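A single chain comes next, written as structure tokens; it is the form predicted on its own.
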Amino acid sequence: MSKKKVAAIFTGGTISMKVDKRLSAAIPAMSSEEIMSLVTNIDKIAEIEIVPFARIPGPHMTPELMMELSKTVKETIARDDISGVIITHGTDSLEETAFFLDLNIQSDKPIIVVGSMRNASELGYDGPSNLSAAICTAVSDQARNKGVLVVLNNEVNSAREVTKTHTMSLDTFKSFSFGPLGIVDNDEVIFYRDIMSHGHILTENVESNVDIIKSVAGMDSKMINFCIQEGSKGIIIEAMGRGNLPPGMLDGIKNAVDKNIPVIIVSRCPMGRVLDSYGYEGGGKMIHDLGAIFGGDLNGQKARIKLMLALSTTQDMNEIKDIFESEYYKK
């Protein structure tokens, strides 16, 4: 029986880095072939086709590059000889790119985003083990129809649910609410649960002029009004708790909505969805009544990705509201 072919698309990140002695700091230094050569015995699992894309750190990723990457993944995954795709990525922005691809690509084949927390100059470099786990996931029939997956530290998470939680731990990527979808054990993927199906935003464009604001005690509308003045096409606000804000931010929200600029409300808490539970001034009910849109349980960075894709397809406030709220709230 012939082995499945997996395309490995390399974008860079810590997985491609070594310490430069002149700088005493890690920089991109390894080729795709050099990284793959460290993944021993992987030829027993799959045939690997390397697809060079970029060699950049996670913070250098942009929405425009995400769209170019999405097009590359779509072209690759559409090939009959490709069973799955893995994408190496810097962990700092990995969850954003993974969620972008999850929304923008509709395929039943496995698409896996992978990175590492340690560079190749450090003891315990986790790049090869994470790559091998990602490839084992990509060839698994059980990984089909699960959207984009993130694989690190032998855990398999949904791109929609996972977030980076620690600056250095190998198990930094966590799905707070329900835990990982599964694990990779003895070169085999074991899934514990399935994922909730969700819609896609199938577009070849992205509106990257979307800002994000984190609310804190005593905050006013200054930051919101500044974003409006600077031409922001959409604003994400990480509200307090259930989706509540200091009263001073209400005028800014009204100003944005009056100018047809969508304001998406998510929580700065790591778990739980926003809801119009509170009716006091600045409470979620008043904010929602002003025309702000609730972002469910998405974190701020993922809500921004979703709004950037949504705005590339429509500027109609009701349509954007439906894109965000139909998935999380009963009508």
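Counting begins at 1, following the sequence as shown. Everything numeric here is computed off the predicted structure, so don't read it as measured data.
Another form, the form predicted together with a small molecule, is not on view; read the next lines as being about it.
Within this chain, Met17 lines the site of the small molecule in the predicted bound form, having a heavy atom no more than 4.5 Å away. The small molecule is not shown here, and in the predicted bound form it never comes within 4.5 Å of any heavy atom of Val206. Interface membership of Pro63, defined by any non-hydrogen atom within 4.5 Å of the small molecule in the predicted bound form, is ruled out.
In the predicted bound form, the small molecule sits within 4.5 Å of a heavy atom belonging to Met117. The candidate stretches are 109-117, 218-226, 255-263, 155-163, and the one lying within 4.5 Å of the small molecule in the predicted bound form by heavy atoms is 109-117. A heavy atom within 4.5 Å of the small molecule in the predicted bound form is found for exactly one of Asn104, Ser83, Asn130, Thr91: Thr91.
The partner is absent here; in the predicted bound form, the one residue of Gly296, Pro57, Gly300, Gly282 having a heavy atom within 4.5 Å of the small molecule is Pro57.
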